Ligand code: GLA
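Form predicted alone, single chain, as structure tokens, below.
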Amino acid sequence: MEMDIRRQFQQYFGKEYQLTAAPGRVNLIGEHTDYNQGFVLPAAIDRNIWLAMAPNNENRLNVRALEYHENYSFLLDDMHPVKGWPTYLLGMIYMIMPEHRLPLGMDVVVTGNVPVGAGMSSSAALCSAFGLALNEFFHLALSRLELALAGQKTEHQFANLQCGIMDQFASLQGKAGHLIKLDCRNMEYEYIPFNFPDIRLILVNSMVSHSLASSEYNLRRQQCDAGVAILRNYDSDIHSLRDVGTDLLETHRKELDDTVYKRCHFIVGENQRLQAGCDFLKQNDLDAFGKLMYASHEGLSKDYAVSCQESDFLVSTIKDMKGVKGARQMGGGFGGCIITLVEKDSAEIFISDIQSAYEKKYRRIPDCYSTIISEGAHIVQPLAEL
């Protein structure tokens, strides 16, 4: 795809360009904890959004998407939310450019192999790629954290999704062969080595599309906040579910709405699973880590209610398959991918068997992606080479 965008940009715009790549991400454990100021354990993967960009003299932002054969054009003074994926580009301009606008017109071509709606954060990759491109092109001198925060604000204000910082941070700060243990309260992070050469990280796509901007996703955040508001009456140091322990939650369980309790129970437990999981990885105990992944999915399904029957079927089926260490639903929920840790020697038969089982149940074959933990966003072809 990198060669496609190089060729297409030249054919469509006929001039030199800057090329940027930003990866999608996986998250081994720690789901929905980021907007609760908790911990997450993501990693950048070898699936990217590529973005080629060059200036024009038209006083417009011209955008072309190769996969969709779509073209868009926006006046430079017209940076406001729009329907569809171009809103992420407009949002990043608004968040990081002086006076919320481009000082000159730009031609942009976008392509990539991060599946949309599969829980690999294609929108965060797009924001990261464009943000890094603007930062380089206009010499803005913004840090990667500032770019990640701009991507998060773009989700909030231009896509109406009250997400946390994990997706953007992982896309920009990824390191090959390492997971990122990120504290979403203070942005401190630690690289956790993932040294398991005989393990393959395979994503199984339920083929159930979801919209993270749906009311259900934002409702979970409201329910968590409702729990915090009640529990703060008993400890003024509580500012988020990050600060809540199991004992306090259980002591005041009857004061919480049953649904609110379940949401809080999952988040408190998920933070504890992540902390334990990092210890297991440092001890090279992948069996113990895998059990935590299954427990995470159980909580996502029963307590947080963001799974679906297709995802539950996949995890239940995978759990009994040979060579699998762990599996769970990944991403915002309501579909998307199941992330699995599979022994290398079992990977091929695993893909064949899970596709057969899913086809028999739902009459469709799920896509499976074998991924590698890779570097974060980077400039592929900088201005210095033009």
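Counting begins at 1, following the sequence as shown. As the structure is a prediction and not an experimental result, all values here were calculated from the model.
Heads up, the form predicted in complex with the ligand isn't pictured, but that's what we're talking about next.
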query	finding
All of Phe9, Phe13 and Arg64 with a heavy atom within 4.5 Å of the ligand in the model of the complex	no
Contact of Met166 with the ligand in the model of the complex (heavy atom, 4.5 Å)	yes
Close approach of Tyr217 to the ligand in the model of the complex, 4.5 Å, heavy atom	yes
Exercise: Phe334 in contact with the ligand in the model of the complex, heavy atom 4.5 Å	no
Distance check, Phe350 to the ligand in the model of the complex, heavy atom within 4.5 Å	no
Stretch from 158-166, 273-281, 252-260, 72-80 whose residues place a heavy atom within 4.5 Å of the ligand in the model of the complex	158-166
Residues in 5-32 close to the ligand in the model of the complex, defined by a heavy atom within 4.5 Å, in order	Arg25, Gly30, Glu31, His32
